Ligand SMILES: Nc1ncnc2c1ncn2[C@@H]1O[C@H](COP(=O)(O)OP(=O)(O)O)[C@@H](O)[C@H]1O
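Given next, in structure tokens, is a single chain: the form predicted alone.
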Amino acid sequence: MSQIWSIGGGKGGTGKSFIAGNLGILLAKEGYKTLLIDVDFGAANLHTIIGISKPERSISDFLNRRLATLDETVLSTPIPNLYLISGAMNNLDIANLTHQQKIKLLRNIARLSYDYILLDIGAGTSFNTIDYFMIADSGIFVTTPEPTSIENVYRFIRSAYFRKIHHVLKAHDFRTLADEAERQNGNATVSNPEILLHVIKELDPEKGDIVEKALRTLDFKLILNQVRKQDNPNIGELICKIIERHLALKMSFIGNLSFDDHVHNSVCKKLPFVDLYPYTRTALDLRECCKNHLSINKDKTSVQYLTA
């Protein structure tokens, strides 16, 4: 069964595609059969990060039925064990998928068979974007030390939290309960999903517990990217503590990535960063983040196995 990692963060320019591509390369080099999927519709560039100039096929070929299966859109890459489903060459309206197209894509992603599948998620907090993020076994948020980026990742996390509540309510036919919660407290919105949960628990404690248990299954990680010498190296840990305090979500910090001008050079040369500059501080940081993430997931799997 594939392990799905989603890489998102709400704001463009934080390095989501760079991190997704290089984590995929590192996993492939460890011998894992790894698939990268670019679902950053409208701004797909993951192929460039890993050294492919012009993808021959893309997701739109599947959605528009030019190819019968999602498997047929998979491209080989210059890196052994690494494969790509590109979001490039899509129609201009691909970012606004219909509900049926989105469900079709989500279902078919879940059926793919790889050791690891990494999703490069687009910017913003639309329900489409959040739903691609939420399909994953493990969600990795990417932010930079700037206040605007931190605000955006916090907004993205709140949106994911809110979306999870609504998925659970819909699955258990709690729509009436959700409507009543929002009627009683107008602040129970995407901006304040914790209030929505609080009101639901007051209205129906049993159903509130079901929602709360579902929220505990969320597995979020955080990477702080483009960290300079003058930045506080503990910002990432502080963000995780704030999330845990206000939303009661488990959030693990898996590392800082140092700012490096070589990143720009590798993108311009259309060559993978960890191959072109393997001994830089940032390349070492990427390896450490990948190692930390694998270690946390392994520990979590062991706990689930022991308690099963």
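Residue numbers run from 1 along the displayed sequence. All values derive from a computational prediction rather than experimental measurement.
Keep in mind the form predicted together with the ligand is missing from the figure; the text below concerns it.
Shown without its partner, this chain lists 226, 129, 159, 77 as candidates; in the predicted complex, only 226 has a non-hydrogen atom within 4.5 angstroms of the ligand. Site annotation in the predicted complex: the residue of 254, 52, 267, 67 reaching within 4.5 Å of the ligand with a heavy atom is 267. Contact annotation: residue 259 falls within 4.5 Å of the ligand in the predicted complex, judged by heavy atom distances. Put simply, residue 44 is far from the ligand in the predicted complex: not one heavy atom of it is within 4.5 Å.
Although the partner is absent here, residue 263 sits close enough that one of its heavy atoms falls within 4.5 Å of the ligand in the predicted complex.
Within 4.5 Å of any heavy atom of the ligand in the predicted complex lies no heavy atom of residue 48. Three-residue candidate spot 5, 292 and 297; no residue lies within 4.5 angstroms of the ligand in the predicted complex by any non-hydrogen atom. Contact with the ligand in the predicted complex, judged as any non-hydrogen atom within 4.5 angstroms, is confined among 203-211, 218-226, 69-77, 178-186 to 218-226.
Residues 11, 12, 13, 14, 15, 16, 17, 18 are the ones in 1-30 with at least one heavy atom within 4.5 Å of the ligand in the predicted complex, listed in sequence order.
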